[in-house]
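Only one chain is included here, represented as C-alpha cells and corresponding to the form predicted on its own.
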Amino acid sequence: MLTISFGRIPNSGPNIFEKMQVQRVVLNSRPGENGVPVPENFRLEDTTLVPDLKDGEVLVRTLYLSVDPYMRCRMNEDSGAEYLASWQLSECLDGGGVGVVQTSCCSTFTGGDVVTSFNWPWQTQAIVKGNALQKVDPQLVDGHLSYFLGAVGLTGLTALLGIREKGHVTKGANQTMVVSGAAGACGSLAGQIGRLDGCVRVVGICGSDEKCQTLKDDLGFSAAINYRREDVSARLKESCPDGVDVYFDNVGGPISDAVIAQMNHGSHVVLCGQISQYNKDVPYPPPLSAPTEELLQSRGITRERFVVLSYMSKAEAALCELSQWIKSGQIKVLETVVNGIENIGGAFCSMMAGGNIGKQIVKI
C-alpha cells in the first residue's frame, strides 16, 4: 500500500443508477514498421456508464492521468516484460491515475476520498474495484494532486529506491553521478536525490539547451550535456574529471555506451529505463555492444535491472521522505501538463520524442 494517511474532496456524486456519458481512450492500432508511436494509435470514444456498483466497487472521477515511457512496451503484442500486460486493440487503456471517489460500495472508501492506482482506466469516470486503489492524503503534496503520479508516486519511488538499492552512493566518498534522460520525470528527480544523498558532482544528459539550463539553474546539477549538438564523450571527460561512479540510465544506446566508457572500477549502473530502444524490436533490457560488455566485466561495474515493484515494502517511508524534501524545497518538481483526455495520445507521443520537461501529466 502507498497510503500514509488520507484526505477527501467534497463531492456529492451522481444519482445511483443514473446513466452517465463518459469518454475513454482505446488502442486504435499498434505502431507501424518504424516502431514510432503516433497520436492516431489512440482513439477517443464516447460511451455510457451505469453506476450500478457491486460490493467492493467504487465510482471514481478522474483528475489526472500519467503517460510514461514504459507504456511504449505495452503497445506491442508482447510487452517483453513479465510484469507488464500488453494493451489490447479497441480496449480502454490504463496507467497511473489519480482521482476522487464519487460513490462507494467498498468499506475502505467514502465519497470525496482522493485515490490513486497504477492501473487507472483512461476514462473520465469509471467503476473500479476498491482493492485496486490506494487512498492518499493531499497534504503530502500540498494539494498538488498530480504529484502522486510523479514525485510522490511511482516515479519518485523509482528514482529514490533505484539510487538507494543499486547506486551505492556514500556520503564523503567524492562520487560523481551521471543521469541520462535527466530532464525527464525520473531523471530530474534522480539527479537531485543523488546530490542530496552525497554525490559531489551530478551531470545530466538531455536533448536541448533549454533543458540543460533548467537542470543547472533550477535543479542544482553541476553540469548538463545536450546530446543532440554536443560531443557526449568529450563533454563527459570535461564534466567528470575523476570519472563516473554512478550512472542512472534512462535511455540506453550510444549515450549509455559513452557513459560506461568513462566509469571507474567498481562503479554502478542503475538500469532504470532504455527509452532510446523502446521503438525497436529488441528484448528488455537490450543487449549491449561487445566492447561495452567487456568494459563492464574488466572494470567490475555492476549493471542490474531495477524494477521498483520489487521494493514496495519500502515505499511508505520513501514517499514520506520525498514529501518532506519537496515541502522543504530541497527537491523541485517539474511538470509538463496537457489539458483534456482527448489530447492524451498526443501527450504520450510528445513525451516519447522528448517534448516534456519533468513529468508529463494529462489533466482531465
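Counting begins at 1, following the sequence as shown. Note that the structure is predicted; figures quoted are calculated from it, not measured.
This next part talks about the form predicted together with a small molecule, which is not shown.
Annotation: in the model of the complex, residues Arg195, Gly198 and Ser239 none come within 4.5 Å of the small molecule through any heavy atom. Arg228 is the sole member of Lys216, Lys171, Lys129, Arg228 with a non-hydrogen atom lying within 4.5 angstroms of the small molecule in the model of the complex.
Note on the partner interface in the model of the complex: the residue among Cys206, Leu140, Val269, Leu160 having a heavy atom within 4.5 angstroms of the small molecule is Cys206. Mapping the unseen interface onto this chain, Ile275 counts among the residues with a heavy atom inside 4.5 Å of the small molecule in the model of the complex.
Taking the partner from the other structure, the small molecule in the model of the complex has a heavy atom within 4.5 Å of a heavy atom of Met351. In the model of the complex, the small molecule sits beyond 4.5 Å of every heavy atom of Gly167. Interface membership of Gly181, defined by any non-hydrogen atom within 4.5 Å of the small molecule in the model of the complex, is confirmed. The candidate stretches are 132 to 140, 229 to 237, 102 to 110, 245 to 253, and the one lying within 4.5 Å of the small molecule in the model of the complex by heavy atoms is 245 to 253.
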